[in-house]
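Here's a solo chain for you in C-alpha cells, the form predicted alone.
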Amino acid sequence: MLSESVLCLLTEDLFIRVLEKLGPDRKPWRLVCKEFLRVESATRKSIRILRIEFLVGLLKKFCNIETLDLSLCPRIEDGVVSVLLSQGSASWTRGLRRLVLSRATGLGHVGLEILIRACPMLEAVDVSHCWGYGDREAAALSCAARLRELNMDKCLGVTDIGLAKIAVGCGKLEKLSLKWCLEISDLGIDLLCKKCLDLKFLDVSYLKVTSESLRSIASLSRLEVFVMVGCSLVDDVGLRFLEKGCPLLKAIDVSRCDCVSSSGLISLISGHGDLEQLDAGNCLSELSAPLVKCLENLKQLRIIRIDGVRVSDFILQTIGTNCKSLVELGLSKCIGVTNKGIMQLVSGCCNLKILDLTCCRFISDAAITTIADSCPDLVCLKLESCDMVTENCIYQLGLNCLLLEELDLTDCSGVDDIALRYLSRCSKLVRLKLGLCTNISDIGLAHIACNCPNMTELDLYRCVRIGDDGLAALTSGCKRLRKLNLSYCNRITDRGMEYISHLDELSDLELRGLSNITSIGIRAVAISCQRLADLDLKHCEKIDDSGFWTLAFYSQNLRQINMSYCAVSDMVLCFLMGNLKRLQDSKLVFLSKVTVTGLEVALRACCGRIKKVKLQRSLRFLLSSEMLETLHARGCKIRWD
C-alpha cells in the first residue's frame, strides 16, 4: 500500500502519464487509493455502460467524458433519460461529443430529443439497428446542429421527410450511413446533397434509389467514400454521372449492384485517377480485359474486392502487372482462379497484406507456396474450402509469413497435425479458423497453444478428434482467448469445461451439440468466466436445471444465449430470463420440458430488455397475443422457426 506521504510528492501530471501507459482494464489502478480514482475520473474520456443500475453513479463519477456508449445497456427508454437529466448536476452532458445508441429500441423520439438538446457539443450519434425509428426520431436528431457523423443503419421507418429534417438541421454532416433505410428515395437523397455539402462519407446500401440519386451525389465536391451495396436500380448511367463529379473520391463500393457493368466502372475509373479502393463483388458476371487495363491508371489503388466474379489467368496476370501498390485483394468465390493465375498475380503484387481466396477450390500447394515466398508482409489469408491445401504449403507460410495474424483454413481437409506444427511458427497469430478440419487432433492443437500466445479467436467447429487434452494445452498457452467455437467436438467432456474456465477473457463460447458435457462443466465455466457474453448450448441435452440455474446466478454479463433443444424446466427458464439483466437475444426452440404457460411467463420476465427471440413456429397461435404485442412494442423482434 502506498503511503499518503509518498503520493504527496507526485504531481497530477505524473499520475496522468502513468495512467496513459495502462491497458484498458484500469479497475486495479483506481482501487489503490482515492487519489488514483480522482485522477481517472477527471481524465477519462469514454465510457461504455453495461448495466443500467450503474448508469447514474458512473455518469456522476466520470463527468468529463466525450464518448458515451449505451449500445449494451438494453433498458434505455424515455423515462431513464428524464431521470438522468434531473439528477442534480448533469455536467457530463456539457462536453459529450459522441453518443452510441445502437439497438436502443426502447428510446423514443421524446427521450431522444431531450438527450440531444442536453448535449450542445454533440458531433457523432449512432442509432443503427433501432429498427422502429422513423421521422419523429429523425426530427429529434436534427436538433444536433453541430452533428458531423450520423449512423442510421436499419432505421426502417425513416422516410424522405425525416431525412429532409436532418439535412436542414445538420448542415455540417461529414459522415452519414443510411444502410437499409428502405423508405428513402431519390427525393430525399437530392435534398441531402443540396444541404449537406461537406459530406465526405455516404452509405446508401440497399436503398431503392435510382441513377438519379447518383446525379445528385455527383455534386458533392468533398465526398471521399461512397458505398452503394445492393442498389439494384442503379445502372451504368448513374456511374457516368459520378465520372465527372466527386473530384476527391477515394473509395467506392458497388457490390451486388445487378445493373452495373464493366462499361460503367470504366467510366467511373476514368474520372477518378486517385481512387484507392474499389469494391465490385457479385455485380459483374466477368472481369473484362478493358476494365483491368483501366486499373493501370490508378496509381494509388490499394484495395480491390471482386468476390464472385469470373476471372482468368490473363486477368490475374494483368492485375499483378498494373496494380503493384495493392495491399488487399478479395477473390472470394471467384470462378477461374488457378495456381498459374495466382502465381502470376503475386509476382507483381509483393506488398499484399490481405488476400481472400475463399472457395477457390482449384488452388493447391503450388500457389500458396508462391504467395508465402512473394508476400512476406501478409497479415491475413483466407483459404476456406481450398481442400487441395496440405502441410507442404503451410510449411512455407510458417517459414516466410511471420507477420500473419489471421488465417482461415475452414474445410481444408488436407490440414493435419503436421501442418499445425509448421503453422505454429507464426507466433503473431490472433485469429485462426480450423472448422471441419477433421484430421487435426490434440497434438496439433498443442503446437498452436505453445507458440501462439496472442490468440484471441479460435474456431474448431466439428474438429471431431479434439478432446480434453487439447483444451488443457490450449488454455495453458492461449490465455487471451475471447472467442472459442467447439461445436460438435464430441470428445470434450466436463473435464474440458474445467480447463475452459481458466480463460478469464472469454466472451463468446459455442458448445453446440456437445453430448458429453453436463451441468457440472457448465457450472465451472459460469463461475469463472465472468466476461461471458455469448453462449451457444443448442443440443447440449445433458445440461439440466442445475446448470442453467448456475448460469442465471453467475453469468450476469450474458447478452445472447441459445438453449434450443435443452432440458430446462418452466421455473428455471423463468428465473434465468428474469435474472440476466443484460440479456438481449435468446433462442428458445423445442424446449421439451417447458410448457406454453412457462414460456410466456419467462418472456414477460425479460420483456423490458429482450431485443430478439427465436421461438418454435407451432407456438405462434398458442402464446398470448397481448404478450406478443407487448414484446413488439418494447422493440423485440420475434423469429419463428
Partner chain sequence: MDPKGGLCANNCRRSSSLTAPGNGLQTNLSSDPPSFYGIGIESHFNEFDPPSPPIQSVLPGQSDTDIEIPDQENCPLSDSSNTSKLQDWNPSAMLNNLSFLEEKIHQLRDLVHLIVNKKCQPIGQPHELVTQEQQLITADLTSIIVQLISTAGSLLPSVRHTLTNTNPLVSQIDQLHGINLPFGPEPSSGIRPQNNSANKLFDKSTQNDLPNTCEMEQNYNMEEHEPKDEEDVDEGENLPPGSYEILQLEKEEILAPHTHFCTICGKGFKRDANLRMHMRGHGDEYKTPAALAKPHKETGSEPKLIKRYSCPYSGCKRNKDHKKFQPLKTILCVKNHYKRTHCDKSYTCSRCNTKKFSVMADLKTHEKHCGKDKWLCSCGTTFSRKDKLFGHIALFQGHTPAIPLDDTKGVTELPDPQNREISNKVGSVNFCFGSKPSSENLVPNMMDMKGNIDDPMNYFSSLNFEGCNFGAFNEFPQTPFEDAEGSFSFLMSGSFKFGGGESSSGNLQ
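Bear in mind the structure is a predicted one, so any value in this text is a computation, not a measurement. Residue numbers count along the first chain shown, from 1.
Beyond what is shown, the protein has a form predicted together with the partner chain; the following relates to that form.
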For the spot marked by 47, 139 and 597, is every residue within 4.5 Å of the partner chain in the predicted bound form through some heavy atom? yes
By the heavy atom within 4.5 Å rule, which residue out of 499, 549, 395, 92 makes contact with the partner chain in the predicted bound form? 549
In the predicted bound form, the residue from 432, 107, 287, 419 with a non-hydrogen atom within 4.5 Å of the partner chain is 107
In the predicted bound form, does residue 339 have a heavy atom within 4.5 Å of the partner chain? no
Indicate whether the partner chain has at least one heavy atom within 4.5 Å of a heavy atom of residue 157 in the predicted bound form. yes
Is residue 604 near the partner chain? Define near as a heavy atom within 4.5 Å, in the predicted bound form. yes
4.5 Å heavy atom contact, residue 633 to the partner chain in the predicted bound form: yes
One stretch from 258-266, 244-252, 190-198, 469-477 that, in the predicted bound form, holds residues within 4.5 Å of the partner chain by heavy atom: 190-198
Does any residue in 540-559 get within 4.5 Å of the partner chain in the predicted bound form, counting heavy atoms only, and if so which ones? 546, 549, 553, 554, 556, 557
